[in-house]
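In structure tokens, the next block holds one chain alone, the form predicted on its own.
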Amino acid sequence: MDNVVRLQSALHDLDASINYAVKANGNLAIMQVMAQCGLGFDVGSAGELHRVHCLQRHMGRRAPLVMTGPAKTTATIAAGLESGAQLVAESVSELQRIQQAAGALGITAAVGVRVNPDLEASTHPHLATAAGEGKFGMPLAEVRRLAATWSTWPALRLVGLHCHVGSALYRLDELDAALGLLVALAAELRAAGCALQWLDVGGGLPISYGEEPVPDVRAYGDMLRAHLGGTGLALHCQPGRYLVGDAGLLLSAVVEVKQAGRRRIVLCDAGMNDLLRPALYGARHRIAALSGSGELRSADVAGPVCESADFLARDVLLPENVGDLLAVLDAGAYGMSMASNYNGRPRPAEVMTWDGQAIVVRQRETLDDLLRGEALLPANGPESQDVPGSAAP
């Protein structure tokens, strides 16, 4: 909650809507805390929207809701409109699908469009989302042409502009440049008659994974204030990593220690299926030994998955004893949300500490859970058969 309070304080005098990015960690208990702190939600799929619906039913109230992300199907768009979500379109063809869905519902949908400003970001290529040849958003020129012909979209009202440069941005000047373009474009569109109400700066606020100096969130607020002051435009933002990244860790036990040439390898029972970030884009996580004693020695920490990329960290100092407990730190964002059952591995439990108690907020998967929904081919006859020993679909 401390991270939420810091961000709210930094944006306190702005007309700001802070919407937690569910993709960072969609555990319902975490989402519940966010809602209790007054945050809304940013969803990118029907599954994430379903999580929000379940939480809202439990809490008995609605929270602000934004739907972003590319390739929204007509069914997903309709579900978003019916739930009252603010939709952000990524392309002209998506706007056509939104108009079709809005017309079928008999409503006029207030929408935003995502701008691709063709800016490079000093982050991993897999985390950069504003490059001109990427899949996200619309070029500036296309947005201008779209605004000039907005009267041809009778079921839509253009009320906002969205731009997300990328994740884990350690330089505020990159966000600053994107916001400058967005504010200038908003002025053009308003002069052309578009009744814009808000600008959405996406997410991107980083955390430190051990060595990187991170921007001061107060400086982030000052930058937004400098651009938005006097415009009359509200602010939308979708933090994820910043709010939960340093709040979670992955616990693992050492299974084996081996020598591989000049390298010492500590093999543990957690792997890339539990925390994909190191294998996916070379992310570095600090690892701490929670038990064990003896001389600290440099080692690479690897998991049990049958892939050469299955390393959680390289060149860390550990006592390297079988049975030791290890904590992979700063795993609260994009850990469980990107976890998988690869190599037939059940996903781990999630435990939250709350008010001095340890609460299991997601049960550990069982082997039978891995078979849920599958069916064997019929031996005789046309009927499919449930897999023996598995729960019914």
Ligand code: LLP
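Source: prediction; values computed, not measured. One rule holds for the numbers: they count along the sequence shown, beginning at 1.
There is another form of the same protein, the form predicted together with this ligand; it is not shown, and what comes next is about it.
message = Check H236 for me: does it contact this ligand in the predicted bound form (non-hydrogen atoms, 4.5 angstroms)?
response = So H236 does not count as contacting this ligand.
message = Does any part of V33 reach within 4.5 Å of this ligand in the predicted bound form? Heavy atoms only, please.
response = V33: no, not in contact with this ligand in the predicted bound form.
inquiry  = Does any part of G80 reach within 4.5 Å of this ligand in the predicted bound form? Heavy atoms only, please.
reply    = No - in the predicted bound form, heavy atoms of G80 and this ligand never come within 4.5 Å of each other.
Close approach of R241 to this ligand in the predicted bound form, 4.5 Å, heavy atom = Because a heavy atom of R241 falls inside 4.5 Å of this ligand in the predicted bound form, the answer is yes.
query = Counting only heavy atoms and a 4.5 Å cutoff, which of 345-353, 49-57, 331-339, 358-366 contacts this ligand in the predicted bound form?
reply = Partner-contacting stretch among the options: 331-339.
request  = Find the only residue in A89, V266, L205, V115 having a heavy atom within 4.5 Å of this ligand in the predicted bound form.
outcome  = Selected residue: L205.
query = Can you tell me which residues in 20-58 come within 4.5 angstroms of this ligand in the predicted bound form, by heavy atoms?
reply = If the 4.5 Å heavy-atom criterion is applied to this ligand in the predicted bound form, 20-58 yields A21, K23, D42.
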